[in-house]
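One chain follows as structure tokens, the form predicted alone.
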């Protein structure tokens, strides 16, 4: 088990975005978080690597245990939490640097500058992100010249390069065309051999295709959490069934 989440509530000032959520997330699996817009999905996964700490007036109640350690413990190094629990955002956000420097960015921040080490990690992370064959001959060209799908895979390579254990994806395909989306989905399926993957998605077909477990959120509450196949074929809760069959959302 990677995460044990106990009675977690999240607040932005006086507004409660997540309400008393409890669940366990298995290691080396893909967990999808689905639900209508504004239901707390993104707030929830940003709690898992303390990204919400950057938001003024944010407050969390409850416990998030990662490998048995409370990640909100005061004596924990937040930078180390975010290194181990990487994140890929909705819109591809490569830096205005070369492809090579994007992939090497996290290592340089850690003070690693030896060219042999950087070369090795850049190649490995681009291979894991299924991008190496497409860019190997132009590593020193601008990342901004890549297509949207390639930019998103470069952002995945950038996350992988710092050797995380978990990768959080927040709507990673919402800005991509169907072909690029299929490549990212294939990549997510491959990544679970080495990483724990958690993906927020509006696309229910995507959740059904790539995930092992699915959680359905509504108005900040976790309505149902189960094996993906059960959620999509025999949900226990009528709200889940109504959402999956398109009656609302």
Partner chain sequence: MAREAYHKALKDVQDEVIKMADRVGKALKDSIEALKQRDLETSKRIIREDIVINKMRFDIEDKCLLLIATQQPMAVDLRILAAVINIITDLERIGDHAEGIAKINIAIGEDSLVKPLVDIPKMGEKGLSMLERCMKAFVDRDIESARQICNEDDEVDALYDQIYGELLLIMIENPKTIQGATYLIWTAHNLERTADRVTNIAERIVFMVTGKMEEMNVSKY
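Numbering follows the first chain given and starts at 1. Please read these numbers as outputs of a predicted model, since none were measured by experiment.
The same protein also has a form predicted together with the partner chain, omitted here; what follows describes it.
- Task: Sort through 216-224, 55-63, 190-198, 203-211 and report the only stretch with a non-hydrogen atom within 4.5 Å of the partner chain in the predicted complex.
- Result: Answer to the contact question: 203-211.
- Message: When the contact criterion is heavy atoms within 4.5 Å, does residue 6 count as touching the partner chain in the predicted complex?
- Response: Looking in the predicted complex, residue contacts with the partner chain do not include residue 6, since no heavy atom lies within 4.5 Å.
- Task: Indicate whether residue 24 is a 4.5 Å heavy atom neighbour of the partner chain in the predicted complex.
- Result: No, no contact at 4.5 Å.
- Task: Using a 4.5 Å heavy atom cut-off, state whether residue 11 contacts the partner chain in the predicted complex.
- Result: Looking in the predicted complex, residue contacts with the partner chain do not include residue 11, since no heavy atom lies within 4.5 Å.
- Please run the contact check for residue 20 against the partner chain in the predicted complex: heavy atoms, 4.5 angstroms, yes or no? So residue 20 does not count as contacting the partner chain.
- Query: At 4.5 angstroms, heavy atoms only, are 235, 243 and 247 all close to the partner chain in the predicted complex?
  - Reply: So, yes: the whole triplet contacts the partner chain.
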